[in-house]
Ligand code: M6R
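Starting off, we have a lone chain in the form predicted on its own, written out as structure tokens.
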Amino acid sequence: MCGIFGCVLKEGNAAPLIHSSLKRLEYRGYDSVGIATISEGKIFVKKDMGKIDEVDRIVDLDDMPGSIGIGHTRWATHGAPLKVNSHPHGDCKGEIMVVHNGIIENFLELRAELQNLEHTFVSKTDTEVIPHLIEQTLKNNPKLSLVEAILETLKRVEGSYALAVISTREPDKIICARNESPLVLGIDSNGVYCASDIPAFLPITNKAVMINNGELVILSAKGYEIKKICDSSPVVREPITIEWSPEMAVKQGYPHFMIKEIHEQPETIRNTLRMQDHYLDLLSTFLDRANEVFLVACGTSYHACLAASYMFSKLAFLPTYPVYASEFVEQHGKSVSIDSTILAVSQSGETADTIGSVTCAQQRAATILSLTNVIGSSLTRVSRVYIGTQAGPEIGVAATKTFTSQLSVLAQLALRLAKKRGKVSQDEIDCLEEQLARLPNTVETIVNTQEQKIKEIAKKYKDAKVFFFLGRGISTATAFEGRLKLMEIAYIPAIAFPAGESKHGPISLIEDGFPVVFICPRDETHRTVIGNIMEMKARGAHIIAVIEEGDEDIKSLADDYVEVPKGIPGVLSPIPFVVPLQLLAYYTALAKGCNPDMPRNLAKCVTVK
């Protein structure tokens, strides 16, 4: 979720415009900023870690010559948020500069290859391989144009990217390209612009050209030219007029950040599935060695840990203990030791209770591992090994995309650990990995096909005084997370239980019309869940079921149902099955007149105990 911007102007200096445009991308979240311009055959670069205004006070971002330039706001994924890791990144000679949003999956192999060819790297980022690869391509074949060299380079790059390149070899243009990460052009009489998002140039022009996956763009004073990366064939695409207000543009036309982030989940899950193997191997090695493993977190992250405890048990035969961070010190503080391993999970990496638990465990010589969405956060600094979820900034207070991203990483860890331990057949692991790779498309299908139905269900039950959320096995975690989302933003009291426990007290609350949400994957709990549904229905409950497509048994019992695609293994089910519950909470909040982005009494990052 980095932000990129570039411009080729017919008149005026590029740097002040790049500076102001990057300010309009601040909402995407970032930890560093940088600008590169080109003038009289020379490249000028200013960059540093920190907020745009802070960096500007130190280096004066506007004071750079040239009418062509590129800029970047960075959200760290590879390499800590330091000046040396800030974009733009260059080649050995400083003749090529690149800004990049995305994740290069094979950067380690490319980096090793280039280092063997005596290229010198100065950062820890994945991005830096791109300018060096372009440089090497031109060295191997000096007759290539810059565009041809970039096309050859991109054919070797695996992963996601929106990038912009300038070079002293052809100082009159910017070359852009896209694969999965967003890229859009702006057009007006004084120039052409490229950006991660429309808000970057909306005050300048409302004429935009959307760039599709697998396309390369050449920007010059003459305009723009689009080519397909695969075969260099030309693409003709006319600008469209953007009617959004600046506020709407920040949310990409969505009314709230929460629904925007729900819709972003296919992309963010794809990014987490590009996790570097060596990070997963390293963390799973520590887990494999552990005598006892505590999964420590708060709120939504705790629910991810609860689901992960089932994953680790079922796939790797590793007992793990999910613990609320706020209770960890009282419950386990005296018993943890050098034989204990803590896997702390936090979206922000700054959650006070989680940091407190980790500090306590560290003092007793426990091994600290972590999973967070913010590289350079307090949690990453105290961890022996950490993994970034790569979900990008989450603006909505109610966590959505970070939950599914956390689960995607935890599922990969469980599978990696299962391989190490040899507890599951290779055929089963292969099957699960295939299913995991399909989940982004599965989530996309759920949102596209079920959103309108969920909107109607929300209207039907918006006046309910209380909800039940029930599931069995790993779906218990899904139930807890669905309950939390509804309470957070729609302010409806809700109760979540393992469905088998509902008979031990909670069922006494059931009366005619009482809404009960059941999470019903087709796993080993399916038959038993049907029995629980019948128990509730017999007492007058209205059943809302999240089911697998074509589950006629539960359809016949449910008053309302939402379908997810067939064939999702139970152990992976929380990732897709939670999406309808996120949508249910969102549309219930809207039906009640609540603002989902500003839930009362809540903050995005809880930094007090």
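The structure displayed is predicted, hence computed values, not measured ones. Quick note: we count residues from 1 along the sequence shown, nothing fancier.
Omitted from view is the form predicted in complex with the ligand, to which the following refers.
Student: At 4.5 Å between heavy atoms, only one of the stretches 206 to 214, 138 to 146, 414 to 422, 342 to 350 reaches the ligand in the model of the complex; which one is it?
Tutor: Stretch with heavy atoms near the partner: 342 to 350.
Student: Given that the ligand is not shown alongside this chain, does residue 323 nevertheless sit within 4.5 Å of it in the model of the complex, heavy atom to heavy atom?
Tutor: Residue 323 lies outside the contact set for the ligand.
Student: Taking heavy atoms only, is residue 301 within 4.5 angstroms of the ligand in the model of the complex?
Tutor: Close contact exists here: in the model of the complex, residue 301 approaches the ligand to within 4.5 Å, heavy atoms only.
Student: With a cut-off of 4.5 Å between heavy atoms, is residue 398 one of the residues that contacts the ligand in the model of the complex?
Tutor: Residue-level check for residue 398: yes, a contact with the ligand.
Student: Could you tell me if residue 488 has a non-hydrogen atom within 4.5 Å of the ligand in the model of the complex?
Tutor: It does: once the ligand is placed as it appears in the model of the complex, residue 488 has a heavy atom within 4.5 Å of it.
Student: Under a 4.5 angstroms heavy atom criterion, identify the one residue in 273, 439, 368, 484 near the ligand in the model of the complex.
Tutor: By the 4.5 Å heavy-atom cutoff, the listed residue in contact is 484.
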